[in-house]
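The chain that follows stands alone, in the form predicted alone, written as C-alpha cells.
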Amino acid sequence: MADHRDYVLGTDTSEAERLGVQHRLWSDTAFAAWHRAGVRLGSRVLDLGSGPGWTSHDIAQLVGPSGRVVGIEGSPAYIDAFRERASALGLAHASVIEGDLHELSSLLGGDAEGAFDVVYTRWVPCFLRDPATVIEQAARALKPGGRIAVQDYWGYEIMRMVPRSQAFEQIAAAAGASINETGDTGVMGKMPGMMRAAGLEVEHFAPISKAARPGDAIWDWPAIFWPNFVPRLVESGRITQATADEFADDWRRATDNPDAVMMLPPVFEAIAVKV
C-alpha cells in the first residue's frame, strides 16, 4: 500500500488470513498471469504490495533458488509475517522491503534499475493515490523485454446478487466509496494509458469474470470478506447497523439457496512489455 494505515480492510491477523484464502481461491488466475508474463526458473520478480507474502512465496517456489523475489509492503505486521513464513518454507531468495510504493525507486536503490524480469501486482493499484507514478517507477525497474502484470478492479461497485438484495447493493456502493476515498476502483480502465505513458507496450488486456454460487469454493471469498468489511462500513458511518443486519439476513438466505448467484467484482488483467 501507499501507507498501510490507508488500507480500508486493515492489517490485523484476521485480514492476513483472509488474504491467504483469497489468494488461494484466485490462484488459477494469478498463475496464468505469471505464465503470460514469463515467470520461470531463475526469474527476478518484484511483487508490489506483497502483504504477508502469499503471492511472493508462491512465485519464489516457481523461480527457485536461482531466481529472486522482492516484495514491497507498508505494514510492519505483514512484513514480519512475510519473513517468518519465508523462513519456514526455506525461501531465502524471497525478501521484503518496507515502504511506500510511491517511493519505489528510492526503496529499491539505483542498482535496481533494469534489474527485474517481471513486476506483478494484484488488488493494489486501486488503493493508491497515484498509481501512474508507481507504474512509471516499476517500468524503470524492469530490464528491456521484461513485463509488468497487473490484476485489479474496474467497476467494483457493480457486483450483484440474485435473489436481488437492496442491502447488498447499498453495501457494494458503500464499499466502493470507501476505497475511492483514497484510491480508485476503476483503476484498470486507466491502466493501459498508464502503461503506455511509462514507455511500456501493452500486450494483453482482458476481463477476469467470476460468479459464485453456494457450494462453490469461490463462495468462500465473499463469505469471509463481508464479516471483515461490513463492520468497518458501519463504524465509518457509510451504512447503518440496520442495513448491515438486513444484509446479514439476506446473505444467510442466499447461502441456503442453491439457486443464488453472486457476481464478484469485475477484475481486469493487463500485461505490458518494456521495449
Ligand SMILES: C[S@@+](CC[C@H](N)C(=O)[O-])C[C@H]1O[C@@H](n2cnc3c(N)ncnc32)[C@H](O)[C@@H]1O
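This one's a predicted model, so the numbers in the text were calculated from it and none came from an experiment. Numbering starts at 1 and follows the sequence shown.
There is also a form predicted together with the ligand; it is not shown, and the following applies to it.
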query: Proximity to the ligand in the predicted bound form (heavy atom, within 4.5 Å), stretch among 226-234, 244-252, 46-54, 207-215; finding: 46-54
query: Interface residue in the predicted bound form among Thr185, Gln137, Ser75, Ser165, criterion: non-hydrogen atom within 4.5 angstroms of the ligand; finding: Ser75
query: The ligand: the contacting residue among Lys190, Arg85, His102, Lys143 in the predicted bound form [heavy atom, 4.5 Å]; finding: His102
query: Val267: touches the ligand in the predicted bound form, heavy atom cutoff 4.5 angstroms; finding: no
query: Heavy atom of Trp154 within 4.5 Å of the ligand in the predicted bound form; finding: no
query: Partner contact for Leu128 in the predicted bound form: the ligand, 4.5 angstroms, heavy atom; finding: yes
query: Contact test in the predicted bound form: Ala260 vs the ligand, heavy atoms, 4.5 Å; finding: no
query: Any residue of 109-144 that, in the predicted bound form, places a heavy atom within 4.5 Å of the ligand; finding: Arg122, Trp123, Val124, Phe127, Leu128
